[in-house]
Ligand code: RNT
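Read the single chain below, which is given as structure tokens and is the form predicted on its own.
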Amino acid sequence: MSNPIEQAYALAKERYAALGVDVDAALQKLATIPISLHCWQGDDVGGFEDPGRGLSGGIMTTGNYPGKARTADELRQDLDMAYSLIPGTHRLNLHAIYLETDQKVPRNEIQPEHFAGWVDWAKANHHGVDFNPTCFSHPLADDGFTLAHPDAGIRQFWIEHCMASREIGAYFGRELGSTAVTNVWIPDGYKDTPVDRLGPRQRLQDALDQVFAKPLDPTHNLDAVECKLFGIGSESYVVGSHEFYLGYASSRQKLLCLDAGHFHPTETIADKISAVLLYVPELLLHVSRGVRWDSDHVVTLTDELQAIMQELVRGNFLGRTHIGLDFFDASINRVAAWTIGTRNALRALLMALLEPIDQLRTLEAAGDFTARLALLEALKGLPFGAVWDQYCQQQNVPVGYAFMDEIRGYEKKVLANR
């Protein structure tokens, strides 16, 4: 006799099949979609370049939950634990400050060799790796400016750092046989209202053109630029605004990164997806949860998260979108934060894949908005949870809340000893 999970799944399949939804096909599709987990959740964005230095450049982590990773090996160990609790095969999003070296290396001189340990780990565990220059937490970024800095020498330092980061992204793509997305985000901006809004943006445009001047094989590396509305220390003016980077990405045909925590708290990025994909080749998403300000909370199964994933599926945009996570919470178990956030992103994707999209489109095209609304609301009561449980069982990861038993055991055995 089948177990309760399989029994519930069989009944759920019947309910969805009545609406023309192939549940098995949805699960097969979900298994092909990777999420890029962000390394910085595991150590509070500290990195290994200069562990004693505090965060700066608009970055702040709150909380002091015990057991954070102190070395690359500990961080990889924690990541392994998180991946073991998440269904599917996923990627890693790595920042430049997570290099491994016996001596301090200036950021504009980082080389692929400083990330060889990450390549070996990724190969052994079948992970693709994405990359980011680190334009914060550095003496040359303490005044809040990097690529748009008025000092040409400081600006050149950051240009060279971003150029080196692109080469490392290409190294990951080449070595792992999986294209890396190298994403440029800078904190540049003013706390109070500036007089000259144009000058910094002119400098940033020129700096980015220098960063991207060297062509790289797109099968190894794709370039992305990330916008922001406001941040810590840049409350009144951000050089790299949404309008700036949308114009830059569309004119240079780069990927545009939309971070769910980088806009007004009442503004969702879901509506932006179909608009910007008319003009840029691909999207990078940093899925996060802003709370009142750019606080990057752990992703929960909110209406906003569901709207983002629905837009990707309804618009057939999954093939042009790279999904990554971006939050850092030091107030709770860090492995649990990864696990909860990633599982929620996947749950939202599954909910979107289970929509009877053809039927919904037909109703909308016919102008039957009443039936469209009724069907969308009816979907909210269908047994989605039974399908998710079956997917977790198929992927040999804990079902439901059971992953917390594994995390508590790991905390006692590993994290408590740090």
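Being a predicted model, the structure only gives us computed values, none of them experimental. Residue numbers here begin at 1 and follow the sequence given.
Below, we turn to the form predicted in complex with the ligand, even though it does not appear here.
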Review point. Between the options Trp338, Trp185, Phe115, Trp158, which residue brings a heavy atom to within 4.5 Å of the ligand in the predicted complex?
Key: Trp185
Practice item. Work out which of Leu354, Val45, Ile35, Leu30 lies within 4.5 Å of the ligand in the predicted complex, going by heavy atoms. Key: Val45
Exercise for review: Give a yes/no on whether Asp78 approaches the ligand to within 4.5 Å in the predicted complex, heavy atoms considered.
Suggested key: no
Exercise for review: Tell me, yes or no, whether Asp223 is in contact with the ligand in the predicted complex, where a contact means a heavy atom of each within 4.5 Å.
Suggested key: no
Exercise for review: Please run the contact check for Ala26 against the ligand in the predicted complex: heavy atoms, 4.5 angstroms, yes or no?
Suggested key: no
Review point. Does the ligand come within 4.5 Å of any heavy atom of Ile59 in the predicted complex?
Key: yes
**Study point:** Joint contact, Arg91, Arg343 and Tyr391 to the ligand in the predicted complex, by non-hydrogen atom at 4.5 Å
**Key:** no
Review point. Where does the ligand sit in the predicted complex: which of 139-147, 238-246, 324-332, 116-124, heavy atoms within 4.5 Å?
Key: 324-332
Point to revise | Sequence-ordered residues of 90-104 touching the ligand in the predicted complex, heavy atom within 4.5 Å | key: His95
